[in-house]
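Presented as structure tokens, the chain that follows is alone, the form predicted on its own.
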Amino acid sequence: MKVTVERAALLRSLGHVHRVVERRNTIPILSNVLLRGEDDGLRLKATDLDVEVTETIAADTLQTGATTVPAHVIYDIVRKLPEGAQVSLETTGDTGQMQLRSGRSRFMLQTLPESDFPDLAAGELPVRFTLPPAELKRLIDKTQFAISTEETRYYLNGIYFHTIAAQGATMLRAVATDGHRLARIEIPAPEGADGMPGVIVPRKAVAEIQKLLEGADQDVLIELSPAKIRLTVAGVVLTSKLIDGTFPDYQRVIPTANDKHLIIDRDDFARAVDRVSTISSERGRAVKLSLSDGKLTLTVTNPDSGSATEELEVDYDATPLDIGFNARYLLDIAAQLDGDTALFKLADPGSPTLIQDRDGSAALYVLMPMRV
């Protein structure tokens, strides 16, 4: 293989593919990125056996061929080369090394044969549709924070995408929950999404998709089956296994009869929660909300460091209520709201609370209370 490529294009592509490579690997080939010099450019591929990313970039191919080199090493080398540099990649014979040249710099990198590199063959992906990158990014941004990190409940370790009939239209819905909070958002389903299987996209793939969407301006092609999903974003192809599990019936935990309505300025509320939670213990993080006519009192008590209270004027005219929440979760949800005013629908100190934008939004959030 003998290929010459611009440093900027190579760095950008390595940035896309090297992220899926784990720093520590028991299987040596999974530490490497596959480089294939083809007539139409240089193809890069990396995988961790669950997620695979490939991209082809413009290159001057003098001799076709393929090899694999350590992904993080080549990324760091190219990152440190001067801007505007040309990079030459060359393998000769069976030396087991690849030469990387740029200007006066020379690097000899250890290689492993292309034949050892695994292929995450996608198989049949019968469902195909496209989404504007901003729409897909919104579905992810509004739900990602609620993905569970508890490995024992593996079926919660991702975002659940599915279609649902609502008000005479088909909606594409994204849901994530960790058992303490739930985030749900929906958009009109794109053409081709009808009848798609409900799929759980794992946390790592979600994070990679989110990064690929930054700055993307072309529609994203999404192809999926019950076992795999493939996204094509501006020339980068990401294939991922899906979580093989059943997402719980989340509709049951979304309250419908919460009759106590609290209307509050989102920013004032978030700043007040942030201030009083300075006192809270790392383990507890509990903040008590005491509601009475037109007034909200936030209280945090920590036996080790003291207590804090703050009062806010609010729109609330139901019976007085004391309820506790995890301060971090309150701040996470407040950060996701789009409008200036938040609407809390409450029931009692032991029941889940519904939070959404006052002026209506496609996103809603459910938060379980804490004992305080």
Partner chain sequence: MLASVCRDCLLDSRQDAGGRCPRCGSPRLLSHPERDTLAIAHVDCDAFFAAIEKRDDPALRDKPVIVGGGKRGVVATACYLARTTGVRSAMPMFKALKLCPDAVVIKPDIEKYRRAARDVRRLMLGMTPLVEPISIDEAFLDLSGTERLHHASPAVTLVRFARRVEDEIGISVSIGLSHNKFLAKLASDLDKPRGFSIIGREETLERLAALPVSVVPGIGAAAQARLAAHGIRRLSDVRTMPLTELMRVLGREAGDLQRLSRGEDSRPVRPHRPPKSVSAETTFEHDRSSFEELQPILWRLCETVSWRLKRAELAGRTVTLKLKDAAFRIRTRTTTIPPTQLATRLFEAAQRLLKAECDGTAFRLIGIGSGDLCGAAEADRGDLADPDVERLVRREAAVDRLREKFGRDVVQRGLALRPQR
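Note that this is a predicted model, so its numbers are computed, not measured. Residue numbers count along the first chain shown, from 1.
Omitted here: the form predicted together with the partner chain. The next part is about that form.
Stretch-level contact analysis of 100 to 108, 177 to 185, 125 to 133, 82 to 90 against the partner chain in the predicted bound form, using heavy atoms and a 4.5 Å limit, identifies 177 to 185.
A heavy atom within 4.5 Å of the partner chain in the predicted bound form is found for exactly one of S115, T256, Q167, T152: T152. In the predicted bound form, P202 stays away from the partner chain, with no heavy atom inside 4.5 Å. Residue contact check for V3: none of its heavy atoms lie within 4.5 Å of the partner chain in the predicted bound form. Though the partner is left out of this view, P190 does not reach within 4.5 Å of the partner chain in the predicted bound form, counting heavy atoms only. Using a 4.5 angstroms threshold between heavy atoms, I264 stays clear of the partner chain in the predicted bound form. In the predicted bound form, the residues of 248 to 272 lying within 4.5 Å of the partner chain by at least one heavy atom are, in order, P248, D249, R252, V253.
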